[in-house]
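First, one chain by itself in structure tokens, the form predicted alone.
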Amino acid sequence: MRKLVPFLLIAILVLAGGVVVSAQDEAACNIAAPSAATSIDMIGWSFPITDLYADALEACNEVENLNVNTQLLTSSDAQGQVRLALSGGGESPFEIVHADDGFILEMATNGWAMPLDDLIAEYSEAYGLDDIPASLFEAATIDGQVYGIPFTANTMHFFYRTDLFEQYEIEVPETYDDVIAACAVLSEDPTLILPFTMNLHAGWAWRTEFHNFLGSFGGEWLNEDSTPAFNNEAGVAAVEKMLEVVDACMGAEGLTYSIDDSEIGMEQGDLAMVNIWASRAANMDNPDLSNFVGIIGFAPAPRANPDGPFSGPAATDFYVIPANTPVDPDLIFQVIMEAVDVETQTAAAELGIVTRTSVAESGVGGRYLEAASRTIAEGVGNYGDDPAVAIARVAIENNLPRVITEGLSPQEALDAAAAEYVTEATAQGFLE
């Protein structure tokens, strides 16, 4: 499994609370007006930092003859709409697509994404693209071509109520065995609905946590010849540990919790601890949303295997230009770059992990960033660069939840996923 090279670790580790910069402080959209009325439509998913970037994209509406529209859904809904729109081979209804590591691999493999190398070279100096580490562009590189502009990085790590941990004299968990032990204590607290949740409410959520646990046990998604590797002993150990956590901490009710539900549960006091995306951490200190400002602590993702890495990914989010867009890619690229400039990223640093080194070193950012950066540096990394991983991801999404819905054993569910993967990977030419 190729790991994402930690990109701003030293810089992120020194980040502390800084001056809040609003989206209104961003510079104007400095691009030439197109000669005819042009619409640029972006689709993506919503969390605090992406909401800010959407506002920055729409700032280009001030340019004559240009109309920028942004649509933010849930990640599964957004990706589903993109798959439906682009798989038919016609013109793309979107000019900008928000994609994470796995989805950009899927888009490039299917020919849905446009290589950006020429545009990056043309505008590198004008937009200071050397301020974005090469390792982040590497995460968007498939078969030697770059398909995305990195605008934020992310990981999943541990959030916890410091007041309850002090009250019950609980140490911050280092492992999921520690989380299970803490659940035994916190489940007795009458103020809580559940002691802990991790996100397992949908197939893609099972796949995400499986990736985290699999990597902690030293497992791989695929072998070097693209045959399945996820259904071996490491894969079984990963699923077994996930089910231990479900039984001890979550139960049937916890399996219904989405990322939004877990975030709100922490903000409202229904949960004592969660393992969710770092991009949700800024809201913990937002007095308009949280009843526990300054009380929620942050730590690296617990280790599923005490001897393994932290069970959290190194993720990057990108803006991608679809290959079949009817709009001038040069114009689309400039709109993207206006939205990921230094001014916007300075504002974004209050809400998540930014991609420009100059901004990361400027001293703005949230108090969760040390936990996030440690998880990135010492965690399980991303999905690797084998295009067939996209097929394996879907097979896991389709089959792993069956350990709950149909009572399959971990080995049975993983073997079913492997069989599905082999069939589809063979049909697509990845396997003979």
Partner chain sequence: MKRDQFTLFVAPSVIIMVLLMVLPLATAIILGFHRLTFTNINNPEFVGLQNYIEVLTDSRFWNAMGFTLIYTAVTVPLHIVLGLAVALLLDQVKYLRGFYIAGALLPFIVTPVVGTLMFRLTFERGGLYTYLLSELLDSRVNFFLDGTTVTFLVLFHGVWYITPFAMIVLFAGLQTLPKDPLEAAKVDGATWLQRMRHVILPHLRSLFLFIALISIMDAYRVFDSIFVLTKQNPIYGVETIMYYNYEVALSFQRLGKANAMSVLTVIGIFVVLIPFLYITYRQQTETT
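Positions refer to the first chain, counted from 1. Just so it is clear, the structure is predicted and the values come from calculations on it, not from any experiment.
Missing here is the form predicted together with its partner chain; even so, the following discussion is about that form.
Enquirer: Of the options Glu171, Glu125, Asp330, Glu253, which one has a non-hydrogen atom that comes within 4.5 Å of its partner chain in the model of the complex?
Expert: Spelling it out, the residue with a heavy atom inside the cut-off is Glu253.
Enquirer: Pick from Ser258, Ser362, Gln71, Thr325: which residue has any heavy atom within 4.5 angstroms of its partner chain in the model of the complex?
Expert: Among Ser258, Ser362, Gln71, Thr325, a heavy atom within 4.5 Å of its partner chain in the model of the complex occurs only for Ser258.
Enquirer: Going by heavy atoms within 4.5 Å, which of 375-383, 53-61, 37-45, 396-404 lines up against its partner chain in the model of the complex?
Expert: One stretch meets the cut-off, namely 396-404.
Enquirer: What I'd like checked is whether Gly219, Val246 and Ser409 together line its partner chain in the model of the complex, meaning each has a non-hydrogen atom within 4.5 Å of it.
Expert: The answer is no: none of the three residues contacts the partner (heavy atom, 4.5 Å cut-off).
Enquirer: Indicate whether Gly297 is a 4.5 Å heavy atom neighbour of its partner chain in the model of the complex.
Expert: Flag for Gly297 set to no.
Enquirer: Within a 4.5 Å heavy atom cut-off, is Asp415 in contact with its partner chain in the model of the complex?
Expert: No - in the model of the complex, heavy atoms of Asp415 and its partner chain never come within 4.5 Å of each other.
Enquirer: How about Gly203: is it within 4.5 Å of its partner chain in the model of the complex, going by heavy atoms?
Expert: Because a heavy atom of Gly203 falls inside 4.5 Å of its partner chain in the model of the complex, the answer is yes.
Enquirer: Decide whether Leu84 counts as a contact residue for its partner chain in the model of the complex under a heavy atom distance cut-off of 4.5 Å.
Expert: Contact with its partner chain, yes.
Enquirer: Taking heavy atoms and a 4.5 Å limit, what residues of 148-175 are near its partner chain in the model of the complex?
Expert: The stretch does not touch the partner at all.
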